[in-house]
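Single chain ahead, written as structure tokens, the form predicted alone.
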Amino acid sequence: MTELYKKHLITTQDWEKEGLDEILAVAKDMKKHRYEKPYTEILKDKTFLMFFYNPSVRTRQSFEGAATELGGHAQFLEPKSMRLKEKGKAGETVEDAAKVMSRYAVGLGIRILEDAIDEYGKGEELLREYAKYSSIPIVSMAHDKYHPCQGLADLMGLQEHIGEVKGKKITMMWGYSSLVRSWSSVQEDILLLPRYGMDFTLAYPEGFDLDPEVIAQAKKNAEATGTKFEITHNRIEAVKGAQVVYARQWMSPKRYNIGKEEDKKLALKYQDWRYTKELDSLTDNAYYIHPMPIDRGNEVDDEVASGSRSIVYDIAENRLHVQKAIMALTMTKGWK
């Protein structure tokens, strides 16, 4: 069995597949036995710290709920209410903060997306700096590059509905929205799902490329499992034969240089990039997934988002169970 106690989770790519399988197995059992021992006592009298550089809805709810259901407590923290060192300002360093927080709690979650940084990669850099100095596990609650908890919740949902996902086709399609969304959750799935043998088609308008290093690693992951990884700018061809469609907007690589408002203007050119009922009819009765919030009527038609093959609510619930499993396996030991 892989040793997960005190292991950081910044991206699933850092973990062996055996460890991810263990998280998923425990999460599924926790879902079946949600309010039963020993699960309800794993974090008894223990604290999980949640550090939010960016606001959230499901992330805060699901992590607080997870800590409570494990018998512990989740403490909400914001940089604006802390004396942290920033550019040109005196304050507590990451080293000092990480070492002190390690004395108070059993785990630390950090959420830091593009609006809180001025350069791509800075969020990832911050998490890894905390991991360097922390003696408790650091969990990404979504940062500029990755969103491991969402990726695992997506995979868990697909396994629940499809069964064996190996050999199934997922199409990840850019969808128009005035929301300028991070790359985090899409890049996590791009890395994770090929490792489980899914054929992956990535479809987006020209100019909305993702991190080339992530794409290169995804191709290696697909090659290792003998699956396909394809990129296209033709959304119609992309969805044909898909068993899963993930339609969501993401920002352009220019976002950090031109700003949020200018990035919205780039997206305006591609308002026809929507996952419609017509596109849905070209799939192999595809399940629809999305990390939420969904921009209905733009990214996707209402009829699809609320249709019988939409599993967005199941996946949203799975965030709770996956995070409980992560906390149980990385922040305590001896309960199994």
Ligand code: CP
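These figures come from a predicted structure and were not determined experimentally. In case it trips you up, residue 1 is the first one in the sequence shown, and so on.
In what follows, reference is made to the form predicted together with this ligand, a form of this protein that is not presented.
J.: Taking Lys169, Ile289 and Arg309 together, does each of them reach this ligand in the predicted complex with some heavy atom inside 4.5 Å?
T.: No, the candidate spot makes no contact with this ligand.
J.: Just one of Gln271, Ser56, Thr40, Ser281 has a heavy atom within 4.5 Å of this ligand in the predicted complex. Which one?
T.: After the contact test, the surviving option is Ser56.
J.: Okay, which stretch from 57-65, 297-305, 271-279, 22-30 lines this ligand in the predicted complex, with non-hydrogen atoms inside 4.5 Å?
T.: The contacting stretch is 57-65.
J.: Answer for Gln150 alone: is it within 4.5 Å of this ligand in the predicted complex, judged on heavy atom distances?
T.: Taking the distances in the predicted complex, the answer for Gln150 is yes, it comes within 4.5 Å of this ligand.
J.: Check whether Lys145 has any heavy atom within 4.5 Å of a heavy atom of this ligand in the predicted complex, and answer yes or no.
T.: Lys145: no contact with this ligand in the predicted complex.
J.: Classify Arg111 as contacting or not contacting this ligand in the predicted complex by the rule of any non-hydrogen atom within 4.5 angstroms, answering yes or no.
T.: Contact check for Arg111: yes, within 4.5 Å of this ligand in the predicted complex.
J.: Can you tell me whether Arg319 touches this ligand? I mean in the predicted complex, with a 4.5 angstroms heavy atom cut-off.
T.: Judged by the heavy-atom cut-off of 4.5 Å, Arg319 is in contact with this ligand in the predicted complex.
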